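In the block that follows, a single chain appears as structure tokens, in the form predicted on its own.
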């Protein structure tokens, strides 16, 4: 019964329009299956059996990507109710948690997924380093991974300000004060003043749109958190997956 049902589904025009080739029973069909599928073509046609072992990769890269998708879904939900205004932001968060149906669940999912993504990306990079998977021919993809790690940390940091509570305000104040001490680009950093940096034109001023954390900072962090950084991370992930497709999965020899 199940076999007949599966055969009926595979013989439909809808199925055949999506899956152009049948079961990969030979090398040529295996290649055609991979090359003609939008999702499967991201993976190499052939990989080492050892690379499929859970204990080797622990699915850290895939879990990091899943957390990003979960963050995107819950973040879009929260955007319907959140207004990046210093007069409303804190109350918006309280309303989402208390009054919106499933709002508390969505906010908690967003918060814990963000922390899980930071942890998983760090562990993924650690695993790649410890297994030597960054070596030739994967040096370029290692560089992309380092950029994605940096963007992940920035994504988490920019979201920290959005609740607009005391913890967020002073955490961002301390963080941007550290940026002010950046060499060359910060007013208080080495060689900053020699290069013309002032309190109204250095990297801290660029981040928060002023000299104190206020409305301009909240709006800029909101745009960075909800638009700029997610777009950059998405592009970086596309390149990252494409290079995996070209370089092949790493695995123990």
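Keep in mind that this is a model prediction, so the values were computed, not measured. Residue numbers count along the first chain shown, from 1.
Here the subject shifts to the form predicted in complex with protoporphyrin IX containing FE (HEM), a form of this protein not shown in this document.
A.B. asks: Identify whether protoporphyrin IX containing FE (HEM) in the predicted complex is within 4.5 Å of every residue in the set 57, 145 and 248, based on non-hydrogen atoms.
C.D. replies: Yes: each residue has a heavy atom within 4.5 Å of the partner.
A.B. asks: Between the options 179, 125, 89, 78, which residue brings a heavy atom to within 4.5 Å of protoporphyrin IX containing FE (HEM) in the predicted complex?
C.D. replies: Selected option: 125.
A.B. asks: Ok, 141, 113, 158, 74: which has a heavy atom sitting within 4.5 Å of protoporphyrin IX containing FE (HEM) in the predicted complex?
C.D. replies: After the contact test, the surviving option is 141.
A.B. asks: Name the stretch, out of 100 to 108, 113 to 121, 78 to 86, 162 to 170, where some heavy atom lies within 4.5 Å of protoporphyrin IX containing FE (HEM) in the predicted complex.
C.D. replies: Heavy-atom contact with the partner occurs in 113 to 121.
A.B. asks: Heavy atoms within 4.5 Å of protoporphyrin IX containing FE (HEM) in the predicted complex: does residue 62 have any?
C.D. replies: Because a heavy atom of residue 62 falls inside 4.5 Å of protoporphyrin IX containing FE (HEM) in the predicted complex, the answer is yes.
A.B. asks: Answer yes if any heavy atom of residue 149 is within 4.5 Å of a heavy atom of protoporphyrin IX containing FE (HEM) in the predicted complex; otherwise answer no.
C.D. replies: Within the cut-off, so yes.
A.B. asks: I'd like to know whether residue 244 contacts protoporphyrin IX containing FE (HEM) in the predicted complex, with contact meaning heavy atoms within 4.5 angstroms.
C.D. replies: Within the cut-off, so yes.
A.B. asks: Can you tell me if residue 237 lies within 4.5 angstroms of protoporphyrin IX containing FE (HEM) in the predicted complex, counting non-hydrogen atoms only?
C.D. replies: Close contact exists here: in the predicted complex, residue 237 approaches protoporphyrin IX containing FE (HEM) to within 4.5 Å, heavy atoms only.
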